[in-house]
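First come two forms of one protein chain, each written alone as structure tokens, so that there is a structure 1 and a structure 2.
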Structure 1
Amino acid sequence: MTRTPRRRAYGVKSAPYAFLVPATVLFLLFFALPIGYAVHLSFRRTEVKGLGLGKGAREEIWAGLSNYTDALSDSELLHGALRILGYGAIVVPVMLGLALLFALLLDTDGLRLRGFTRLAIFLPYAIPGVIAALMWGFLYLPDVSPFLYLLDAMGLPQPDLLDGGPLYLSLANIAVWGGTGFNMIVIYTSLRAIPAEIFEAARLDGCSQLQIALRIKIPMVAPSLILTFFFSIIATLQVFSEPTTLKPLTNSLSTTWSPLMNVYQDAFVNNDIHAAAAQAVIIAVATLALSFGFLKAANSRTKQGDSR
């Protein structure tokens, strides 16, 4: 039995939707559903009756916005957000600056061992964050660090890298070491997509390598810089593994050092899943607002540049 043209056309049109079904199901199960459940929990609280023992002693009731007001008035969450701002002020510019520099150097004509160098810079990104934090944590400890041993052998003072101001630099170093390679690959890929004729025309006009980089390459990879900055903001606001892993090595890191550590403390230590859900929703909304604001500002600036 042959298929009619109408049935054949319907099958062709419905094929893309069939391919979307697996991704849609995974999105709903592992992304949309957990977000919806977290929002649901954020409006609830547990009411304890009597000593909290026996059946029916604990009941989940409607809490309204009380969890959100408690979270916004939580000094630990606010202090954690301020610490993350200081941490991000170090990580984001240094990481993106190094990524751009490495990408420009790799795009230089006549560079030897280009493939090996690119792999060496990218390789730290492939190491899990917990493993990287453990490795750097032991390098920071005075008793086992070879760097501090060399400073001591030369009679130089040994800084405490896990206390005070150096602690921010130590944490930022882990993030920069692990994230520079990924951002470098994004920028480098964008550089390789620029037509070679543009560079040849610039050389004929007498431009040096530095002038080509500043006046041609960097402006043309601006969308990639915006993308990497966007990813870096999200990663900075969600920092958790590095301070949590270094926590046993120093007393300077509290259990609520970052906002996500505060969420973990409320959810799994204080056993207040509803307060933790409210804090998680606030962090997600703040991340979305910052990301959307940055993208909107970047797009408006790009449109202004195009209009000129």
Structure 2
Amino acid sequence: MTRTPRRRAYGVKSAPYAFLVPATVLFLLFFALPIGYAVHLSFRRTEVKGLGLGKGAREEIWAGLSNYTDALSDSELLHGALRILGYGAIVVPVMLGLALLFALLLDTDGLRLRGFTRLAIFLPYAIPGVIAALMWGFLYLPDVSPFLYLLDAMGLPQPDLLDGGPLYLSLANIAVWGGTGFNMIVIYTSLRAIPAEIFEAARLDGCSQLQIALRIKIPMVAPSLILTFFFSIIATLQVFSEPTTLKPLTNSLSTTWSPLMNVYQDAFVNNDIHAAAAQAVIIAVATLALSFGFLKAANSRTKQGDSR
């Protein structure tokens, strides 16, 4: 750490604040102000006077909690939330399970093609969600899909990948495809940070690679697993671009399929920014509660494990 020299003491003292000016200004303008404004809007509503024509006919008034009670009793929002929970229950475990598996496999001794496979699995990270959804969307279309073609060739029934239950799997697959590589890299990095002596000792004790993976590697990367879980939950609850992109390809995706789509619909199609603001605040609070609840549960679990 720096010690303050006698000369230029003033400059050293004020320098960090000066360096932080751009970030602070941007934070206030594009984070704090919008959040405050959203909260403000969520407690207000527009009242239409008379016929609602002319200037001053619409007035913004205090609405108390009515936007919130409306939002919480909005069945579309609730259904959207349930859909997202179902979708997340597929995406998060599958994506992180695959990421952990691939990271452990990459960490195996004497592996061939390590560089190639690592880069290939990471590649989807560089592809926008919209384009990923678009590519998979075509691969789900009956006339194009190679999967349905194979099923047909084998004489098996062809499910409609863009409807009902399979639609969840199809959407989940896009998220898993896009997110596994990045999470794999995070886990792999923390695997490589484990000191080699630990494995040496385990090996002398006669542990197999599988035992080392299960008993040493996984517990030691638990912190990065928790972190990836945390961010995956947040990302999942905010899914927007993938279902929005798939929408033109199927009639089964409503404009309010996910809660965020519902917010967009209310804000820009129904022009009810107050309802949209209240929903956005609820989604933000629910996201934070869920992700921090998970973090807390995970932490207390780890602490228990430590004391044993």
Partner chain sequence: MSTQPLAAPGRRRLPLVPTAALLLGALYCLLPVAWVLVASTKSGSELFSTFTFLPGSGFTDNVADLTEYRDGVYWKWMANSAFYAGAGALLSTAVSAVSGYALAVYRFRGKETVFNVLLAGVLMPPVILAVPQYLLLAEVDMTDSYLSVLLPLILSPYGVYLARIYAAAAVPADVIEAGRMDGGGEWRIFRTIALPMMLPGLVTVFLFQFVAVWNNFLLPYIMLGDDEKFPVTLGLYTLLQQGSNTPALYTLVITGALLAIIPLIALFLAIQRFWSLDLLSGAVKS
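Bear in mind that the values here come from a model prediction, so they are computed numbers and not experimental data. Throughout, residue numbering runs from 1 along the sequence of structure 1. Definition used throughout: the rigid core is the maximal C-alpha set that superposes within 1.5 Å between two forms.
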Could you point me to the form predicted alone, 1 or 2?
-> 1
Core-aligned, does residue 20 move its Cα 2 Å or more between structure 1 and structure 2?
-> yes
Is it true that residue 195 shifts between structure 1 and structure 2 by 2 Å or more at the Cα, once the core is aligned?
-> no
Residue shift check between structure 1 and structure 2, rigid core fit, residue 158 Cα at least 2 Å | yes
